[in-house]
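Just one chain follows, in the form predicted on its own, and it is written as structure tokens.
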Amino acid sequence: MSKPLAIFGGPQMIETPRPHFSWPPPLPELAETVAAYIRAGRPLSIIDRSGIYAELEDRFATLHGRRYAVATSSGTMALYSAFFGLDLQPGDEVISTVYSFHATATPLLHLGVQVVFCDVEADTGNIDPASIEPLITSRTRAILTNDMWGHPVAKAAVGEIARRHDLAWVEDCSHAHFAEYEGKPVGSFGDVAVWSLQGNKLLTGGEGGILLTDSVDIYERATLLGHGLRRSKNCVRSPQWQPIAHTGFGLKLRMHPLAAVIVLHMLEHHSSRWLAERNETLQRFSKGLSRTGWVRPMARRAYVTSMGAHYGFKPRIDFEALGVTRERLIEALQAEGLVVSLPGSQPFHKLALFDPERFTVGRFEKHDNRGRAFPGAEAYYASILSLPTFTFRADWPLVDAYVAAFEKVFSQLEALR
């Protein structure tokens, strides 16, 4: 007979001090890498596209088969640069996934763009291609997607819709470093793609972002937005921009050079191993949880060659069939010593920031998405748990302990009910 659940006074399954997962992992050589850059007298402020900026941008662009790259201060600013690069104007409409981290879409509010939410697939959390076309109007300019938790969106379907309706496509790849759709990396499909390089991402400079595109128009506008001085003068060639080649549009959105040093070091020396070990470790975790009979693995379409960085581990449970609320299950698992929680991101239509009557941005009007139903997003959000994105083989004993704790709790569901 199983021992009583910890929530009822029984012994705790996991006593390992929390948190059980943090990112990035310790890199003893990283301090020396940064120090060596400084000792060599390399610049801590770069006003053109040279040195560590060129090294990082060229390497990242090459890996994704793209022509142009711009490193930015954050993924959010990379998105802002992408939207600005498309020359979106107040009143234009962009069809955006309704489920992602909010910053996927919030920069649009600052351009006065109407953000039209599109429902997502109930199993992947990615934009549902079948829901896009009914939302297209004469004011629609672009489609905005996010590869949720590393699962590529249906690239062929989204691309075909964009081409047929002459719409731009912005890929937010922040969750999906090096994920692949039919053998091709995410970020190589849309008109412009962006990545966050924030602290929890596979590649990180602490803060940072990067934009890739094959369009010279998008590249030049994105450069002018936040990379004036010698970078704009050297990189922007179109005659129409020459009067502001020195000032650009007056913002400073550059990545810090030391952040670029850190990102490039991780990219060249660690990322491949991290990707392989994370994939192997999360497969072990997923299979173990699936054996309980109650936990469904994260969905994975046949077109997915790789989940890449697999930014979050969010297995799914049918809580109605389980007969226990998600909150009650989380409470029981936490009592056993697990780090488990509700997902941090809610569907956009539930966020006050997108309410058209509240929290205005300048004099811009927001699109009114109220009164619309998003059953896919509601179902997806209601089904997932947030668990640590265990990565290394050294994590396997903890992975197995988590599985055992789930088994213990599931063996005593009646007590929780």
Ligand SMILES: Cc1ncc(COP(=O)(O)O)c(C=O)c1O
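The shown structure was predicted, so the numbers you read here are calculated from the model rather than taken from an experiment. We number the residues from 1 along the sequence you see.
What comes next is about the form predicted in complex with this ligand, which is not displayed.
With respect to this ligand in the model of the complex, the three residues 103, 175 and 198 uniformly fall within 4.5 angstroms at the level of their nearest heavy atom. Residues placing heavy atoms within 4.5 Å of this ligand in the model of the complex fall in a single listed stretch, namely 71-79, out of 136-144, 296-304, 71-79, 323-331.
Taking 190, 152, 85, 208 one by one, only a single residue has any non-hydrogen atom within 4.5 Å of this ligand in the model of the complex, and it is 208.
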